[in-house]
Each structure stands twice: as C-alpha cells, then as structure tokens.
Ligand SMILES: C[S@@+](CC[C@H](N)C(=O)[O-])C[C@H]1O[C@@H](n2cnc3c(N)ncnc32)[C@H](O)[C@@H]1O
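First, one chain by itself in structure tokens, the form predicted on its own.
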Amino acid sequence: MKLYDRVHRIHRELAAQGLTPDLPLKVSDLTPFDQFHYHGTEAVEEAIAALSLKPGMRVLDIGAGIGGPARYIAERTGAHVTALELQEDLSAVGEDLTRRCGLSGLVDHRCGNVLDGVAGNFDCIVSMLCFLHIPDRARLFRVCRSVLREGGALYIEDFGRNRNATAAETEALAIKVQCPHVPTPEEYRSDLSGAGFAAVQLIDATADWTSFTASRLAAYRAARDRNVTIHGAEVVDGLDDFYATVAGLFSGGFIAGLKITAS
C-alpha cells in the first residue's frame, strides 16, 4: 500500500524545512506529514473530545503508523499512549520521531499484531483508518474489549460500505488499499455489540470524506513538481495512484465514512 511504503519520505519533508536528523523536533513540525488519516489533527481533536482524554489516562492507539496521532494526543492531553503498529519500518520511524520530540516518556511504541493480544489495561482505544485492513472483526473486537477497563471507551474512524462492490472495486480495495473486508454500518454495530460493547454510536462522515479525498488528490497533483523534486517521480506516482483510487471509491458511492464510539 503506497501510503505506508517508503515511510522515510518524512525525513525528506523535514529536510526540506531545514530539520535535519540531528535536530530536535516539535510536534507541530510533524503534523503536516505524520497524520495518515483524514483531516489531520482536527480529527484527532474529535477523538480527544469524544473520549474526554485527560492527563494520566492510558490510551491504546491501534495502527499507530509513524505515531502522529499518538504524539499529538500525548502533548495535547498529557495522556500516556501506547502506539501499536504492525509494520516494523513505520514503528521504528515513529519511535525515533517521538524521541526527537521529547515525548518518549508519554508515548510507548510497540511493533506487533493487535490480533495476538496487547499487554496492558487501557482507559480508551483510538484507531484512525486502520481496522479496514483487518477482516477478522470478531477477534479484533474481543481483543479490544479484553484490554479496556470496565467503563472504558473506544473511538474508531473506519470504512463501511453503502452497497456491494463491483469486481473492479473489489480488486482496487484488495490490492491498492489492502482492505479485504468492508462491513455495512449495521454489521459494524452488530459486531461491536456482539463483542460486549454498549452505547455504540455511528456518525456518517461519507459526504465529508468524499470531499476530502477529492481535494487531497487535487492538491497533491497541483504540487507535483515540488513533490517530485523532494521525493522523486516513483514515490509521487505511487501516492498519486493511491489517492486517486481512494477518491474514486468514495465518489463512486461504495465506501461509507464512519466515526464510531462505544463503551
């Protein structure tokens, strides 16, 4: 998946601003580049508000990527965040960036598969556009339930589907988005309830995310010359193809954008 490929490209972005690897960083230096979900820190603020995150709370971020949301949550709220990421290079880059931000005491980067279980007891779970890569929802939600304290809550941003996929959409999802399973909103609610979650609420973000993915593609293409200079044509072409694929899946009416809370 091109969004998660060659993740060291963030160092090229930082170098373009004069932030070489020997220099310390601020979280604000990274937020234009380390938020792989939609609407960046604005979306993380929604999660912070929905979960009422406070200093000392323990948060599990599933699919943490290079740690953008985890660092932002830690700095913004004082919560302790465990940043769980399956992909080794993403996790390693994230841990180094967190160290450079001086946040290693609040953000613990772990490389592992959530389906194997997670050590710890957490007040909240956050996951931003990760669960779409995990088809075994029953096992996933059992793990989520097992690591949350009683009364704990989760906040998920994820894909749902409005209709059955065409053959071309199924192929694009499987190959370019690495998304093998997309439930309907009703199936999503049922899966969470079946795992023992209550107060399940789904907010439909489809129209907003359709607009966002189209705008993201247009902005990326408008900045092509600049991006090629920094990253090279191969990286830029790969990301362009990924952004175009996702924008097409939304504009074609297949994907539903979902913001989900449960306790």
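Since this is a predicted model, take the numbers as computed values, not measurements. When you see a residue number, it is the position in the sequence shown, counting from 1.
The same protein has a further form, the form predicted together with the named molecule, not shown here; the description that follows concerns it.
Residue contact with the named molecule in the model of the complex: H181 places no heavy atom within 4.5 Å of it. When contacts are judged by a 4.5 Å heavy atom cut-off, T213 does not count as touching the named molecule in the model of the complex. For G112, a non-hydrogen atom is located within 4.5 Å of the named molecule in the model of the complex, even though that partner is not displayed. With a 4.5 Å cutoff on heavy atoms, Y220 does not count as touching the named molecule in the model of the complex; it lies far away. Annotation: in the model of the complex, residues F36, Q87 and C130 each come within 4.5 Å of the named molecule through at least one heavy atom. Here is the short version: of V93, L148, C101, I134, the single residue with a heavy atom within 4.5 Å of the named molecule in the model of the complex is I134. Partner contact region in the model of the complex: 65-73, out of 194-202, 232-240, 65-73, 45-53, criterion any non-hydrogen atom within 4.5 Å of the named molecule.
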